[in-house]
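This document contains two forms of one protein chain, each encoded as structure tokens and listed individually as structure 1 and structure 2.
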Structure 1
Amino acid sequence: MTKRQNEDDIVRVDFGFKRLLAETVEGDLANFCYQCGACVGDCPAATYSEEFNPREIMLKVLYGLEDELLGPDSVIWECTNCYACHERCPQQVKPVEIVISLKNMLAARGDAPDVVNRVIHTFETTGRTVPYSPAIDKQRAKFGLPPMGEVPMDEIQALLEPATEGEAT
């Protein structure tokens, strides 16, 4: 048996980061990944991008490599949300949900991409993801459709606030 040449060969697991991830809804599922790679074959982002690979993302999650997962070079926004990995994973890891949990961590730090932030802002202020304009109701009228309904924003905003302290994120 060969002995490790030096300490640098040893990857250290960042348990602190993994605990934070596990606090997000479904973020704890990552631990069941046994690195089989079944999630890679049907992944369109992996097919069309050299740098994106859901199995590698899961490996980094298992080690807790926060800088690579959430740093400026993070590839997680390349995921197309297609759910093929969720379909394929024999361990019910739901890799796409782990990617989304990672995105939740970035969003909480204010580090989501601008286009994502714009849609989120529209939803949080209007209750819809397409901003309302009178032109919309005019177009609808041409098809004999009633105007867009009202969204009770007081209710939506109440739901966006945690009910208790220490609620999962």
Structure 2
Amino acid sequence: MTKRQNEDDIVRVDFGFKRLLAETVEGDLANFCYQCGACVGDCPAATYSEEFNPREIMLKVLYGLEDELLGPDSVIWECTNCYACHERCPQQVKPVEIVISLKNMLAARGDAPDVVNRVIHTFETTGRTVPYSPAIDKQRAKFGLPPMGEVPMDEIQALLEPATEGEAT
């Protein structure tokens, strides 16, 4: 005899969200995840966070749980983009690329945390993710590196311009 499931217990796959994610860089690889958990092994975010778990994120991606992935205070911002999950994945799913795509979706909606918005603004105005300081060149000199060069802001601005209809992206 089977127990009848409560309607709230049923997870419905959101194929629209899955298609949207599949259109992003490497987003279509999510369908190859078979939930082995290898991505969690060396993940620094999973080690130091009670909430962050790349396997659980991939499961939510597989189900198309957009609201849980792209809601306010999303756990995806805890990912350090270290690529350990990519290196461990036997299916070459590249979970970090999926997380980056999710972060980009949130940022495009204007739902990035303030600290991320500051980094984005700094990059858009200076071409760097950290504001320049003479201390940077001093530190670089200790390692025998040359001073920081000029950033080609015209090239960066061209890359940041939205693609027009019919233009290759």
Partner chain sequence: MKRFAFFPGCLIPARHPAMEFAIRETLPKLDIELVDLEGASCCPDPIYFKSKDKLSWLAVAARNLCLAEELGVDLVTNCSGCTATLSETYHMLHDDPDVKDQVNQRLAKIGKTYKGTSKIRHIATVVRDEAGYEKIRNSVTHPLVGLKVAIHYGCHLLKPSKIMNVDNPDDPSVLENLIRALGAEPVRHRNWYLCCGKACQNEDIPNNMMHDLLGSVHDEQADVLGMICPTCFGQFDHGQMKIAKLFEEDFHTPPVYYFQLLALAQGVPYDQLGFQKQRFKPTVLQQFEEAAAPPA
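Residues are numbered by position in structure 1's sequence, first residue being 1. C-alpha atoms forming the largest set that superposes within 1.5 Å between two forms make up the rigid core. Keep in mind that this is a model prediction, so the values were computed, not measured.
Give me a 1 or a 2 for the form predicted alone. The form predicted alone is the one given as structure 2; the other form is structure 1.
Did residue 31 shift 2 Å or more between structures 1 and 2, C-alpha, core superposed: Shift of 2 Å or more: no.
Fitting the rigid core first, would the Cα of residue 152 be found 2 Å or more away between structures 1 and 2? Where the cores coincide, residue 152 still shows a C-alpha shift between structures 1 and 2 that is 2 Å or more.
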